[in-house]
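Presented below, as C-alpha cells, is a lone chain in the form predicted alone.
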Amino acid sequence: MNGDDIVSLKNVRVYFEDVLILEDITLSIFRNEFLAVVGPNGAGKTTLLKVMLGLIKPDTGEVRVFETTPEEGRKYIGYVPQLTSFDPEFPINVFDVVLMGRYRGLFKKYSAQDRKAAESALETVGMLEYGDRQISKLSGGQQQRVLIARALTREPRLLLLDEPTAGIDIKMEQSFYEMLSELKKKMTIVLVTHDTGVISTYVDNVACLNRRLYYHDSKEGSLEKMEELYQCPVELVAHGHPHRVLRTHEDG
C-alpha cells in the first residue's frame, strides 16, 4: 500500500470447486474514491467484495485492507449485501434493525452511545422519522436506506454495496445515488452494480470484472470494455439529464 490506498489486491485468484472465479486480480482502492464494479451475472463481483472482507480467502495472491489483513481491517468496513426480503409478519422496527449494526455479542447490552449512533445513521440516510415503522412495510428503496444506516452505525471508512438498487424503482434511484454522493465525502464507496447509468453521473472510477478485472481511472475509458463483458452495445446516460454523456452506438 502506498499510503493513499486503503485496499490492495495483488495477483488474487479464487477457485470454487476447481472452477476459477477470480483470475489474477490486482486492484488498489483509494481514500474517498467512489468505485463502481460492473460485469455480467456470475462474473465474481460478490466474491470480490467477500475477499476484501476476509470472508473468502484467496487461493493465491495478497490482500491488504487498511494496512493489515482483511480479517483485521473489516472492522473499518460497512457492508450491505444484496437486498433480501423481510418476513412481513416479523415484528422488528426500523430502529432495531439499524441498532443491530452495533451488535457486539449475545450478553452485551446496547448502550446510550449505540442508540445515538443508530439515530445519527438514520438521520444521515433520511429515515429517522421511520424509526418506529415495521421494516417489512417499507418500500424496497427505503429498506435499502435502512440497511445502509445499519452499516453506518459502525462508522466505517469503507462502504461496500452489493447491487443496492436491485428492486428499487427508477424514481427512487436518483435520490439513492445522491445520498451515496454525500456519503462519499466522508468515506470510500465500492458499488457493485448493473446500472450503467450511475457510471455516467456519480462514480469516479470503474472496474470491469468478468473473472479478470480491468480498471479504468476514467468513466469514458470503461465503455469499450463493458461492451466486451456484456457482449452487446452499452450506452451510458446521465440520470436526470436529457442527453448522452458518452458516445452513441451506430449498429443497434
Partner chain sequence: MVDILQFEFMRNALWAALLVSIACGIVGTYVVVKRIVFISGGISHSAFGGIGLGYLLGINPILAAIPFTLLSALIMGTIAKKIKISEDTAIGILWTVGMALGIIFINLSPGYAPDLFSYLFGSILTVPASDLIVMAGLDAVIIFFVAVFFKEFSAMSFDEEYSTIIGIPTHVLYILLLCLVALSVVVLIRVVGVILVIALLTIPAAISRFFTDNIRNMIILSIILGGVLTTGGILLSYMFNLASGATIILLLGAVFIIASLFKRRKPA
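Predicted model only: the values in this text are computed from it and were never measured. Numbering follows the first chain given and starts at 1.
Only in words, not in the display: the form predicted in complex with its partner chain, which the text now covers.
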item	value
Heavy atom contact within 4.5 Å of its partner chain in the predicted bound form, the stretch among 204-212, 181-189, 24-32, 51-59	51-59
Residue contact check: residue 150 to its partner chain in the predicted bound form, 4.5 Å heavy atom	yes
Non-hydrogen atom contact residue 170 with its partner chain in the predicted bound form at 4.5 angstroms	no
In the predicted bound form, residue 79 touching its partner chain (heavy atom, 4.5 Å)	yes
Residue 112: touches its partner chain in the predicted bound form, heavy atom cutoff 4.5 angstroms	no
Non-hydrogen atom within 4.5 Å of its partner chain in the predicted bound form for each of 116, 130 and 138	no
Contact set, 16-35 vs its partner chain in the predicted bound form - heavy atom within 4.5 angstroms	17
